[in-house]
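Before any questions on how it binds or moves, here is one chain, the form predicted on its own, in structure tokens.
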Amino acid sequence: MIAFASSLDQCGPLTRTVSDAALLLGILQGKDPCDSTSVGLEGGVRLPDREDLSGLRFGVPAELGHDEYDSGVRAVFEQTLRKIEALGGEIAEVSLPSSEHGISAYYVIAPAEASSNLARYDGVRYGMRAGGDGDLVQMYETTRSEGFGPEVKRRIMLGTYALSSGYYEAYYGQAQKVRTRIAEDFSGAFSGVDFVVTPTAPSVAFGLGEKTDDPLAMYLNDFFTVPMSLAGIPAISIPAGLAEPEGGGPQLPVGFQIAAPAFGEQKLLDAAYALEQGIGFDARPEGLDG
């Protein structure tokens, strides 16, 4: 694993089911005596087995405006809220007033930390080294030009600018203040609910590489997920159904995100498992029977 943004980095399993995610998290979690930044989960992680959501309160942010996500996503999201109630859960409104600024804060903090972390990959101390007969500076430039892709270069440039003299406090410093406010908002919300729920993305799933020519559109798809990373809390996304893209076309998956307080992974997995079973979404590729 290569360090990207040190204060945001995490290893999140990508699995077909909540149970598989629990299995992987059980292996990943734990205190590493050689890593002062690691911490284990008390009692470890067991396979989730909850069958209903009775006694649990799910908070829907009041600031979740309809203009921020597609109508198809909204329909699936509201359908999933009804499913939560059918399984015995309670829906409540919570306020996360600073979360709308999460996307802006994230794309200052993450590139800034990436710029710092990736500075070591210069062809001397870490990583590949590009060949050539040029001097040291040319070797640095050629190595980093060939070794990093367009998106990595874009984030390095953004981060270097945000950390440059005269801009550090105006950009990085302000973003960190927003981050603190977001964490405080979640802390307040969790005083009244067990979980906070949102769509995973403003739109249905898009094709691989479909948004690479429009970085801003690609970044905006993180609107609902980056506040959780900034607040330092666990979250899980499960498929909740299918919907048509705004411009029409075949139906594509819609994600439903559930977030819990820090170190609430087991409770989160249990709730996600019960909801997953209640939704009954078939994640198998078409034509696969087993």
Partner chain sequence: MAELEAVIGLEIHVQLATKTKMFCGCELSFGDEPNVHTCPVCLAHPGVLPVPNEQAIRYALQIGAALNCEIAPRSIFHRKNYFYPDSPKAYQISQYDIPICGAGRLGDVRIHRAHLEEDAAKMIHVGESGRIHGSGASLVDFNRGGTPLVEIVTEPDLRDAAEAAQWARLLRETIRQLGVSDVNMEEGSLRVDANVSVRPAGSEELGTKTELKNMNSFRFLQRGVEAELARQRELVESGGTVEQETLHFDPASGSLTSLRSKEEAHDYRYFPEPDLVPLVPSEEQLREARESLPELPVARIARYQEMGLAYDVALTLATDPRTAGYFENVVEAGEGIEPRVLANWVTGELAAALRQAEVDGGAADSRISPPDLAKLVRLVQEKKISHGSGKKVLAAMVKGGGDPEKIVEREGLAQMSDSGELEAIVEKAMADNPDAVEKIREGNNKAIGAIVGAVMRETKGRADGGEVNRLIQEKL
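Note that the structure is a prediction, hence the values are computed from the model and not measured. Note that the rigid core is defined as the largest set of C-alphas that superpose within 1.5 Å between two forms. Positions refer to the first chain, counted from 1.
Another form, the form predicted in complex with the partner chain, is not on view; read the next lines as being about it.
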Would you check, heavy atoms only and a 4.5 Å threshold, whether Cys34 touches the partner chain in the predicted complex?
-> yes
Report whether the minimum heavy atom distance between Thr160 and the partner chain in the predicted complex is within 4.5 Å.
-> yes
Using heavy atoms and a 4.5 Å limit, would one call Ser145 a contact residue for the partner chain in the predicted complex?
-> no
With the cut-off set at 4.5 Å between non-hydrogen atoms, does Arg120 touch the partner chain in the predicted complex?
-> yes
Is every one of Ser104, Ile238 and Glu276 within 4.5 Å of the partner chain in the predicted complex, counting heavy atoms?
-> no
For the chain seen here without its partner, which of 206-214, 86-94, 108-116, 70-78 has a heavy atom within 4.5 Å of the partner chain in the predicted complex?
-> 108-116
Quick one: of Leu136, Met218, Ala170, Met128, which gets a non-hydrogen atom within 4.5 angstroms of the partner chain in the predicted complex?
-> Leu136
Those residues of 1-19 with a non-hydrogen atom no more than 4.5 Å from the partner chain in the predicted complex are Met1, Ile2, Ser6, Ser7
Core-superposed comparison between the shown form and the other one, Ile27 Cα displacement 2 Å or beyond = no
